[in-house]
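The chain below stands alone, shown as structure tokens; this is the form predicted on its own.
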């Protein structure tokens, strides 16, 4: 069955009115009718099997037939990344990381980056689309951009990947499946001062291999490596 998303649907309801955006897609694009069945995800692990009770191009009312709830995730993959200058590269990272099972994405402001503002709603749409496409039931949390200092103070004791020639550990030596944010620098890399800030807040420097990776590639590599260690 086709998958749709609405964060407000919950198991206490018998009927539910979908968002205007999803309602338009169901009625105007897919031409679905009364009694047609579909599945709605809430991004929190629940899948709602529904049928269309009444429809309108802006308001599609559903009858909830069955609810399936996945167990809470026993891991977290939290990537904190400096936004790239080109928005499409960040969108690509969000899409692929969601497909892999990332749980949280934080956007950090660093000295050497060129982009300081992003449209979080646009990134969230990419994540929702990727969640549905990959048939995942958990939507990653996407946090608005904050400066690096504020982030490491609020999220100590993680990993930092940078390009400077300094002593580093391998990923598997220090990664933990919970409470272990991974810092990925902007296109100009972290400054020496930013690295020291992270290290002074419990972060450990890691290598992502011998080659220098683009920001979004490094973020996806870290996500893939973390998922491999968790599984």
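Source: prediction; values computed, not measured. Residue numbers count along the first chain shown, from 1.
Only in words, not in the display: the form predicted in complex with a further copy of the same chain, which the text now covers.
- Heavy atoms within 4.5 Å of a further copy of the same chain in the predicted bound form map, among the stretches 117 to 125, 130 to 138, 148 to 156, 104 to 112, onto 130 to 138 alone.
- Looking at residue 96, you'd find a heavy atom of it within 4.5 angstroms of a further copy of the same chain in the predicted bound form.
- a further copy of the same chain in the predicted bound form comes within 4.5 Å of a heavy atom belonging to residue 220.
- Contact check for residue 227: a non-hydrogen atom falls within 4.5 Å of a further copy of the same chain in the predicted bound form.
- Not displayed here, a further copy of the same chain is approached by residue 208 to within 4.5 Å at the level of heavy atoms in the predicted bound form.
- Shown here without its partner, the chain carries 92, 214 and 231, all of which come within 4.5 Å of a further copy of the same chain in the predicted bound form through at least one heavy atom.
- In this stretch, 179 to 199, not one residue has a heavy atom within 4.5 Å of a further copy of the same chain in the predicted bound form; the partner itself is omitted from this view.
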